[in-house]
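Just one chain is shown here, as structure tokens, and it is the form predicted on its own.
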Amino acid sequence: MDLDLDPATLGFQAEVRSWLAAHVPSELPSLDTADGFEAHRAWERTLFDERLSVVSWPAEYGGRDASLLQWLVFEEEYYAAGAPARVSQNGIFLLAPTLFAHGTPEQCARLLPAMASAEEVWAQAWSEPEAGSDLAAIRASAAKTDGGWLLSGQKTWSSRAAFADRGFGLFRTSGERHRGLTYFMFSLRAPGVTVRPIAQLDGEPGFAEIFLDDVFVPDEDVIGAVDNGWQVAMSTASNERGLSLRSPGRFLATAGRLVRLWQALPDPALRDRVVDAWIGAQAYRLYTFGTVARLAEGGSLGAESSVNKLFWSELDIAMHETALELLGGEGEADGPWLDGYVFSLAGPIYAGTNEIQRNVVAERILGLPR
């Protein structure tokens, strides 16, 4: 693809850069606290009012009809400006692409505007105590009733669930392992839902358990066909692993900070690792540009998204480890590099463990035996 940005994209880049420079808050409380969650929700509303919360979406849902390339440019500018974490990420980056691909026009019109403005923040409710990377082992069930379904069971490690408004996930509607799953959306405030926050090492509830006891969900909150949830979920997983959840802007910003740290604390022994980190971030950017070009020509995300997930999760750890070594003992004190390092360690686990991703690469891309 042509890596020279066209005039329209350059103009969009300049507009975004200028607006972020004038509006990015200096600091917000942690989004894993009640006050911080609402502060981040308010920031999302500020983005929405400027039509910057979901730039690549159709205008009718709050977007700008921007191209995927312009979305990548926005992400680069967003992270370069040090803007806050996206409290709406589960909805706008994971559920929304699934709705665009598998949802009905009614579902899109009803759900996407509130998602874009953060009026409704979504929790991802996939994992269960006995079904993590082996998602097909899900036991939480959905039983048909008049006008809808009754959901029962337990979800765990549900990101954003402690303070979110709604959730989405897979539930078993028949006995078949893969073919018996259906994709549901549900309110976290509905009768029969109990949300139990999970405290992290810092005491903040970044995740929660969700218990459902005959929770009614209307038929219009099923995405795709009944018993076809596995196929629908794979589009969500592809976006989580391969494009939207971890855009290149995030790693370009981290690599830039690492280079500046090395310039302030030069250590010849770590020079090559700093250079490798910068090259890795640039390589990921170029790879993602290629993905965007393929999607623009009608392609889709597939098993190759697992390669992407392996790359960015291991790159993230390597960059933060290098930074902590540069800082020496100072790096053991609380600070952005230590916080980032602790979070990076989760990268090989969420969005499907890296062990599972290597199996996907081996079997579905390289054609190796199971």
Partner chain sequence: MKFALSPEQAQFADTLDALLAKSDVARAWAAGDHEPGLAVWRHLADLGVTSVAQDGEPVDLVVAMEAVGFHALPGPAIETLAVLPGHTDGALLATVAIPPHVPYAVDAHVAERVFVLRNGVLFTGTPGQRISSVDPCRALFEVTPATEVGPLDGAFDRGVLACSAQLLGAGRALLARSVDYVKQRTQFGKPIGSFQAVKHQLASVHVGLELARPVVYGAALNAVPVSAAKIAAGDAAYRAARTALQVHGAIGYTVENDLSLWLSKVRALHTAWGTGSVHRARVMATLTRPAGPH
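Residue numbers count along the first chain shown, from 1. Everything numeric here is computed off the predicted structure, so don't read it as measured data.
Unshown form predicted together with the partner chain; subsequent notes refer to it.
*Asks:* Can we say Ala42, Trp57 and Val232 each have a non-hydrogen atom within 4.5 Å of the partner chain in the model of the complex?
*Replies:* Not one of the three qualifies.
*Asks:* Heavy atoms within 4.5 Å of the partner chain in the model of the complex: which of the stretches 171-179, 92-100, 276-284, 153-161 has them?
*Replies:* That would be stretch 276-284.
*Asks:* Identify which of Leu324, Leu310, Ile317, Leu68 has a heavy atom within 4.5 Å of the partner chain in the model of the complex; exactly one of them does.
*Replies:* Selected residue: Leu310.
*Asks:* Can you pick out, from Ala199, Cys108, Ala131, Ala293, the residue that has a heavy atom within 4.5 Å of the partner chain in the model of the complex?
*Replies:* Looking at Ala199, Cys108, Ala131, Ala293 one by one, just Ala293 meets the 4.5 Å heavy-atom criterion.
*Asks:* Examine Gln263 and determine whether its closest non-hydrogen atom to the partner chain in the model of the complex is within 4.5 angstroms.
*Replies:* Flag for Gln263 set to yes.
*Asks:* With the cut-off set at 4.5 Å between non-hydrogen atoms, does Val259 touch the partner chain in the model of the complex?
*Replies:* Judged by the heavy-atom cut-off of 4.5 Å, Val259 is in contact with the partner chain in the model of the complex.
*Asks:* Consider Phe289 of the chain shown here, and say whether it contacts the partner chain in the model of the complex, taking contact as heavy atoms within 4.5 Å.
*Replies:* Because a heavy atom of Phe289 falls inside 4.5 Å of the partner chain in the model of the complex, the answer is yes.
*Asks:* Going by a heavy atom distance of 4.5 Å, is Glu220 a contact of the partner chain in the model of the complex?
*Replies:* Output for Glu220 is no: heavy atoms all beyond 4.5 Å of the partner chain.
*Asks:* What residues of 336-370, in sequence order, lie within 4.5 Å of the partner chain in the model of the complex by heavy atom?
*Replies:* Residues within 4.5 Å: Glu355, Arg358, Asn359, Val361, Ala362, Glu363, Ile365, Leu366, Gly367, Leu368, Pro369, Arg370.
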